[in-house]
Each structure stands twice: as C-alpha cells, then as structure tokens.
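So this first bit is one chain, no partners, the form predicted alone, shown in structure tokens.
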Amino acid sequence: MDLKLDHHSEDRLTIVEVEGEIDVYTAPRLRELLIDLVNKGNFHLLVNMEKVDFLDSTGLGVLVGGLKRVRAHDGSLELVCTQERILKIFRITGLTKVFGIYASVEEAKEAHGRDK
C-alpha cells in the first residue's frame, strides 16, 4: 500500500491528511513533509491518521521527530486517531502522554482554539 499525503491550513493550524501505511519505506515522505511545513513557519500541526492502515516504529520516530521540531518553535503536533490497533501502539510506547490524541479533526480544532 502506498502513502497519500495532503495538507491545508485552517486559522493557525495546519492539518496533515495521511492515508495508507506509515512504514520504513513510506515514512521518509511524511518526514520530508513535516520538515518542509516547519521550515515554512507552520508550527501547529494536526496529523489526521484516521485513514492510516499501518504504523511501525519508523513512523513513530517520524512523528516524535516532528513533535521535537515544532516544540523548538513553541508549537504543537497533535493527532487524530480512533483506530484501536493504531492507538494501542501509542499506549504501549507511552506516547499517549506525549501527543494530544483526538477522536476527530473538529475536536482537535476546538481544543486548539481553547489553548491559544
């Protein structure tokens, strides 16, 4: 399975749409996109993972790396994910304590609006 990436901005939040598998082969594309967005001044990222079928340790590393990049600019990187098999990975690794994980883009946008 391939990886489809897209992004758009709403207010001060950049929403990254991810679809497919994030693994050792496709994760570099997500890494490049996150780096490019941060380099262009997008420091508040929301990664929508609702259509992600698979996530491995390489993908986790890309997300953690993206989080470090935005935090260097007092930014945020949060996730939308309701799939149990993906959420389980975040729970097992303890990353639920690191990332804000929301059930929908709307819920994340509301939370982001409150944090401004």
Partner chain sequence: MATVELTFSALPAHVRTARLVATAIARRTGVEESLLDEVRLAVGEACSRAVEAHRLHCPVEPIRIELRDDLGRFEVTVTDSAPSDELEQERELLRFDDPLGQLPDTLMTGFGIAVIVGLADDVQVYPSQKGMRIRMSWPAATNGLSPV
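Keep in mind it's a predicted model, so treat the numbers as computed, not measured. Residue numbers count along the first chain shown, from 1.
The form predicted together with its partner chain is left out here; the points below concern that form.
- Proximity of Asp23 to its partner chain in the predicted complex: non-hydrogen atoms within 4.5 Å are present.
- Among heavy atoms of Arg29, none comes within 4.5 Å of its partner chain in the predicted complex.
- Heavy atoms of Arg85 reach within 4.5 Å of its partner chain in the predicted complex, making it an interface residue.
- Mapping the unseen interface onto this chain, Ala103 falls outside it, with no heavy atom inside 4.5 Å of its partner chain in the predicted complex.
- Distance criterion of 4.5 Å from any heavy atom to its partner chain in the predicted complex singles out Leu67 from the list Leu67, Val38, Cys81, Leu46.
- Taken together, the three residues Ser57, Leu95 and Val98 all come within 4.5 Å of its partner chain in the predicted complex, as judged by their closest heavy atom.
- Residues from 35 to 49 do not approach its partner chain in the predicted complex: none has a non-hydrogen atom within 4.5 Å of it.
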